[in-house]
Each structure stands twice: as structure tokens, then as C-alpha cells.
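Here you get one chain, nothing else, as C-alpha cells; it is the form predicted alone.
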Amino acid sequence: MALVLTEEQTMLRDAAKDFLGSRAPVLHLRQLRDDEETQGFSRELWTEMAEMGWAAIIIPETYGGLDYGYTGLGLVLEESGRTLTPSPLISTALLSSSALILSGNDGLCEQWLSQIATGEKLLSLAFEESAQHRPASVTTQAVSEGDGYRLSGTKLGVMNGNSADAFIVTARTRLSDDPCEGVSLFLLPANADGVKIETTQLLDNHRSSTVRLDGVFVSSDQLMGPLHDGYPILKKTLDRGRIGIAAEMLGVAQESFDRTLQYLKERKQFGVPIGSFQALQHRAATLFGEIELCKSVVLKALQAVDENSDDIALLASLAKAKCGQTAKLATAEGIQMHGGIGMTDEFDIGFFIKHWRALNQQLGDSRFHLERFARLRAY
């Protein structure tokens, strides 16, 4: 497939850009921070986003969705990266929806996907158990009891966990020498007895939670996918999430570059715009080239998911690593070219480097994915 957008995709991107630019600029993030909004995002804004169909983009029509594909959602995420908009797009509309769809559990899909599509319910994926990204390292135990299981363990770094109505949880249901075997996925209501949620405000003012499970009972009909064989579903879900995060980091990089370029045209030194200095022109040209590469990588990865390509895992790591590196360069150059004032709260450019740092860590940082890419290519 050609690396160009269709007319409909271009219209979706432009609509997202107009909406977020007017309803959720960086000022919106400032207001949430200053008002100490405990959820970390605006429920009112999320309702408007759901009304525009964004929460339903990848959900099949059978469950009340638009079935428009991952490329469409990626375009929305890219624009949300430009405005640093806090929302459950990744945690609910991308990760949780993907996990439900891939699970093949029609009962759970009918129960939850239609409510996700309307923005009524929020879900979060709870799988991390250490400070490092190790999705196969699952110590949470699920012990069989009657017609269900008792879950005990702790999940870290749960995106928007404080506002979730339910969690998709990984738990070990059978011991195995292979850490990828014996893992099952369960859908667990957030208000179940034994669930304790502790929330932290991150560097970029978004929210992350620790979810503690103390003998939480979950019925067997809440099992997502095959018993003992849930890791393949998790793996595919995470790759879709990584591509979505890469799309958002692309938006962070593009907006940082655009703002910096505008500043180079306006800021004068020695009576001329600093953008006329050749050294700064070279740095800007290098960054422009890196961003253009990211655009191609992200679009190719999104198209691979829509085409159910065999290269999804490879392209997911390529996109996550490349966009992480480029967003780092774009935000750092933005700070430096703005000078000392770039790190003051008065200028928005400092918010972008903070959000890049948070996004880069989610679902594996650039180093993790460079190594994974090398392994997948048998280097």
C-alpha cells in the first residue's frame, strides 16, 4: 500500500486538528494541572471526542463501532500529540479495545465494546509488574476456586487506572518454564472486592496507577481468550499500542518543530532573525528529515495492522524506537533554540519534552525496541 493518506483519512486528520486545536490546546492541559483535576483529563471533553466517533474507530460495526481501522485512530493520536491532550484514547480506545477484539470472547465484546464506543465506559490494561518493561514477567497468581479464580498480585504503571471501570489483567494460571506460557487474561471490574488503586501524577501531568489485587474473585466467564494461553493476545495488543504511542510521539515531534521554527523566524539577535544563522538552519534541516522518516514509519506500521501483516511486531518496534529518538531530538532542540526561556512555565515548549519522556517509557523505551528489532531481524 502506498504511503499516502486517502481523502477520507485526510478529512479525519483535519477534523481532529481543528477540534483539538480549539477545544484542547496546551492551555487545556495547563488548566487541568492548575485546577488539580484528579482524573487527569476532562470527562466532558472525552464525551465530545466519543460523540465524534474517536472511541469507536477500531471497534467492529457488530459491536457499535465504526470499523475504520488503526490508521484512522493513529491520525487522531498524532493530532492529540500536537496538543498534549490528556484522554483515554490509548488506554481505552486503543489498548483495551484491541485486547477485547483479539480475545474472541463475544460475550465480553458485546458487553463492553458498545459502551466503550459511546464513551460511557473506560477500561485499562494492567500488566506491568516491575519498573522495567517486561510483559512476560507475570507473578500475579490466579488460583481456581469454584466457577472462577482468585487473583492476587500488584500491577504498576496502569494508564488512567484511577478512572477505569474495569481492568484487563494478566495472571499466571499455570506454572511453566517458558514465561510466555501459562498466562491468562481476565476482565476485572474496578469496584470488585479486594481491588485497591493508588494513583500518581506523572511528570507530564497525566495519571498512572498502581493496582493491588488481594484475593479478588473473578468468574470464569470473564476469561479473555484461551486459558493458559493469553500471552499471544497481550503481545499483539501491546504492538498495536506501541504503534499508537509512536503516532502520538510523532505529533509531539512535529509540533515541537513547528513551534521552534516559528520562534527562529521571530526571535532577533544582532538585528536579524536567529533563523538566518546557518548553524541553526542545519540543525532544523536535520530535524525536518528525521520527522519525515517518522511519518513514513508510523503510517507503514498503522497500515500493517489494518492489513494484518506478518511484520506488525517488527514495524511496531521500529516505529516506537524511531519516533522516541526523533521526539527526543525535537523537544531537546526546541528547548535549546528557545534558549533559557524554553524551560520556563511561561513557554509551552517545556511541556512537550515532559510528555515525550512519559510516552517514551510506556510499553518499552527506544533502547528496548532497538534490541527487540535486532532480535526480530536475527542480527
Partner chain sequence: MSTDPNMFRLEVREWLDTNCPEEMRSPMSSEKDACWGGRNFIFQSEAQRLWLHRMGEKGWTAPDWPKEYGGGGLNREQLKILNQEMKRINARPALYSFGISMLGPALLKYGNEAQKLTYLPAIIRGEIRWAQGYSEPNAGSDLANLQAPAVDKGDHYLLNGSKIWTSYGDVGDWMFCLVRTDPDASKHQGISFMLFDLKTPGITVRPIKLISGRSPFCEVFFEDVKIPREQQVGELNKGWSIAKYLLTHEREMISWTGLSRTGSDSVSKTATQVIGKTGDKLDDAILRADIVRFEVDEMAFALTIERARDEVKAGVSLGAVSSWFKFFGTELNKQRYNLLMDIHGSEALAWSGEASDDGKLARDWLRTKGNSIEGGTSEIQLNIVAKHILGLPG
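Everything numeric here is computed off the predicted structure, so don't read it as measured data. Residue numbers count along the first chain shown, from 1.
The protein also exists as the form predicted in complex with the partner chain; that form is not presented, and the subsequent description refers to it.
A.B. asks: Could you tell me which one of L66, L314, V26, L329 places a heavy atom within 4.5 Å of the partner chain in the predicted complex?
C.D. replies: Looking at the other structure, the residue within range turns out to be L314.
A.B. asks: Do heavy atoms from each of M52, K121 and M224 fall within 4.5 Å of the partner chain in the predicted complex?
C.D. replies: Per the other structure, none of M52, K121 and M224 touch the partner chain.
A.B. asks: Given that the partner is absent here, state which listed stretch (70 to 78, 240 to 248, 285 to 293, 92 to 100) has heavy atoms within 4.5 Å of the partner chain in the predicted complex.
C.D. replies: That would be 285 to 293.
A.B. asks: Could you tell me if Q39 has a non-hydrogen atom within 4.5 Å of the partner chain in the predicted complex?
C.D. replies: Residue-level check for Q39: no, no contact with the partner chain.
A.B. asks: Contact between D14 and the partner chain in the predicted complex at 4.5 Å, heavy atoms?
C.D. replies: D14: no, not in contact with the partner chain in the predicted complex.
A.B. asks: Just to confirm, D18 within 4.5 Å of the partner chain in the predicted complex by heavy atoms?
C.D. replies: D18 lies outside the contact set for the partner chain.
A.B. asks: Do H228 and the partner chain share at least one heavy atom pair within 4.5 Å in the predicted complex?
C.D. replies: No, no contact at 4.5 Å.
A.B. asks: Using the arrangement in the predicted complex, list in sequence order the residues of 302 to 338 with any heavy atom within 4.5 angstroms of the partner chain.
C.D. replies: Heavy-atom contacts to the partner chain in the predicted complex: L314, L315, L318, K322, Q325, K328, I335, Q336.
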